[in-house]
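Here's a solo chain for you in structure tokens, the form predicted alone.
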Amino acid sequence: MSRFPESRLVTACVLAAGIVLTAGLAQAGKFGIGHEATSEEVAGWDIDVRPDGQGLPEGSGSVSQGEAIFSERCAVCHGDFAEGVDRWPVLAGGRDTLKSDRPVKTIGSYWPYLSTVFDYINRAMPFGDAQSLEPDEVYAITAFLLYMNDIVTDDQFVLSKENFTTIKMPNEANFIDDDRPDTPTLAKGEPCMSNCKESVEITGRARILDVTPDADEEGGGGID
């Protein structure tokens, strides 16, 4: 009958004790690692802004201020007039194109809430230097983008926490809640649609049909 060397026996006992301890902690809802988030840590993550204005910081910014900041911090990717550079996103224009064969989804043509604009700039922009903008700068850039999309027409317009929720985006009414049975929702009734197909199926793929230009072709790298 074989016997464990003393060192192995000690190791086995320690491992067994650890398993029991971990199991006990797991049963209690804790794993014995990390720490409870401090109020400062929570505040660092709690920066989302909602459509009703909840989460907005104090501050304000004008169209003209936003133009200057946008030119310095954003135009290298999005262009001086938010028209987009190369394949960086176009932020302005595209109004009334969503039903066309080539819809242009921009802030003015597609986005449903102004809070989405503010929240994304505040959270993720400028690219490579996220969350470096002060609240007044974010308000100003947002005001400039409203102006570039003709949602506000006064170049002296000042966006602030106080008037933020008065701005309605052109495409807001065309967004509906997802009312599928397995998706929590408050939606009631059917979406306004007509002449719908009973089912949709994929009949071909671009890579199989070979319709995507090669990289060495004029305008290569994507479908014009």
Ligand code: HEC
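For every residue, the number given is its place in the sequence shown, counted from 1. Everything quoted here is computed from the prediction, not taken from an experiment.
Not pictured, yet referred to below: the form predicted together with the named molecule.
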If you check in the predicted bound form, do 70, 76 and 88 all have a non-hydrogen atom within 4.5 Å of the named molecule?
yes
Is there any non-hydrogen atom of residue 121 lying within 4.5 Å of the named molecule in the predicted bound form?
yes
Taking the shortest heavy atom distance, is residue 147 within 4.5 Å of the named molecule in the predicted bound form?
no
Taking the named molecule as it sits in the predicted bound form, is residue 127 near enough to touch it, meaning that at least one heavy atom pair lies within 4.5 angstroms?
yes
Residue 141 near the named molecule in the predicted bound form, any heavy atom under 4.5 Å?
yes
